[in-house]
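We begin with a single chain expressed as structure tokens, specifically the form predicted alone.
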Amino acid sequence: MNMKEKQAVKTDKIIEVKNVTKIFEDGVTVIDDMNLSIKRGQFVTLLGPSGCGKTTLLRMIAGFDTPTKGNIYIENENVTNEPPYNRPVNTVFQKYALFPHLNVFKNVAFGLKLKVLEEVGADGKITKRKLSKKEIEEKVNRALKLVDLEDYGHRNVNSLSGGQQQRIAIARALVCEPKVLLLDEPLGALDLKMRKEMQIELMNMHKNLGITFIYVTHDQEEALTMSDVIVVINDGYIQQVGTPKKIYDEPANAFVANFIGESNILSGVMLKDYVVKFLDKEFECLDKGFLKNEKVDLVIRPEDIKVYAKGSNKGQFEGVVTSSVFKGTYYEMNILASEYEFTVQNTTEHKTGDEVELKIVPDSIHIMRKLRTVNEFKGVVSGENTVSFCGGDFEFINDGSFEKGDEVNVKVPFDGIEITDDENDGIIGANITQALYKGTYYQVQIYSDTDEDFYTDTPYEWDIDDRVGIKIAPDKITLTKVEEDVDEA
């Protein structure tokens, strides 16, 4: 194989997810019209919070779940309705799923004993056979050597440590020589030290084997450490795909910036190319291509903020250190400046109560388009002064333009949503799914029981998964009629 052919094999798409949607029986949409391509030989991590859809996507690739809509291709073959055993993939689960009544050797050999080979004879006829005892033994020993457990074949799996059991599960998956190895949070049950060791072992295995790894985790550090490519998922949508460095340095939106590493996330206005305003000050930046005066989110990483003693006249903000914690190689400080509490990481300590100056240079500011600037929903006028949307009837101010039965577009500004501690005090119930600190307020994302997202700006901090009620003042609801399609003559 020449160099050009080798390069083609290395960069071709081994898996394609095309317009895939998964809706569970209870009507909840877990994956929504997702498209994703994975190249051969990559270590790809599906990263996101619990319930975002990453494990469901992995299970659909494996064949354990079937998409409600869309198709999945492996090596250009549509495998959407193929059972797991007909796909060139194997899965390693978080709970290992080892057989307690079999020893290590027999656990690893289990899949090989079921495997059927197809061979083409000299006459062109295809014959089927099972692997011989010698072939199974050779393959099992090779797999055990790969995970550094070649002398453990006779051992009972219950006598092994968690890390050893995990390696046995990996050996069992690799012994059948899959083209894709799927790993569903495989290190979740291990302690921190063992996790670190297994991360290195998995990276070495991937390098030595050269096959495609697809790894599911909610651990950001794990994803940044191990991956060639990270796919960030939230609420069934892909938020960003990129290298670990790209994801960290240039997050696509506030969710990615908040989820990956420590971040200072603020709201601002893009005055013009290379100039952004936030916290009532104008700053030079390296971003362009935004509309004039477009509202934006921006992220500044803690390690990119410079700290000086008060009186240096080097900073743009004056602030006070509210906390300081030594983290080994740096001090992590919270510094209150211009009503925003910055998280700052610096090798020089400034103690609690110290007055300081902060400087933010252009290349430390990354501008992101807002995911949403207003809440928008589809609704129906349900009464003289009520509109039905997201499973509830909300009062609105009717100027006489709307009649019962009118289909309408509903708009509600972020500050028009009121969250209540008791869901019974609201018109509808919902769950808190995300909260971003924006200085003088928190921007909170709320997921309703009808599968809709609300965004609200609130002075109060809320915990993820809190059950809440949603109320909206009538004067905060704006309606426009849905225009009917007119058939052209």
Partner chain sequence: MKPKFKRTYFAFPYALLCVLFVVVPLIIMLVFACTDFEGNFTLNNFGYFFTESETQIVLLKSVGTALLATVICFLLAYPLAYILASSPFNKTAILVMLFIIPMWINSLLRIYATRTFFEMIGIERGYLAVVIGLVYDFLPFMLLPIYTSLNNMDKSFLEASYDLGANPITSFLKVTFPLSMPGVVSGILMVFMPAISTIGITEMLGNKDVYLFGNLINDYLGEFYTWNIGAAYSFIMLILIAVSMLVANRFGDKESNVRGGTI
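Everything quoted here is computed from the prediction, not taken from an experiment. Numbering follows the first chain given and starts at 1.
The same protein has a further form, the form predicted together with its partner chain, not shown here; the description that follows concerns it.
Within 4.5 Å of some heavy atom of its partner chain in the predicted complex lies at least one heavy atom of Gly111. At least one heavy atom of Ala97 is located within 4.5 Å of its partner chain in the predicted complex. Among heavy atoms of Phe93, some come within 4.5 Å of its partner chain in the predicted complex. Contact between Tyr85 and its partner chain in the predicted complex is found at the 4.5 Å heavy atom cutoff. Annotated contacts: Lys292, Tyr340 and His366 are all free of its partner chain in the predicted complex [non-hydrogen atom within 4.5 angstroms]. For its partner chain in the predicted complex, the listed stretch (98-106, 346-354, 321-329, 267-275) containing residues with heavy atoms inside 4.5 Å is 98-106. With the partner omitted from this view, the residue of Asn158, Asn313, Ser401, Asn81 that lies near its partner chain in the predicted complex is Asn158 [heavy atom within 4.5 Å]. Residue Cys176 is the only one of Cys176, Ile238, Val256, Leu279 with a heavy atom lying within 4.5 Å of its partner chain in the predicted complex.
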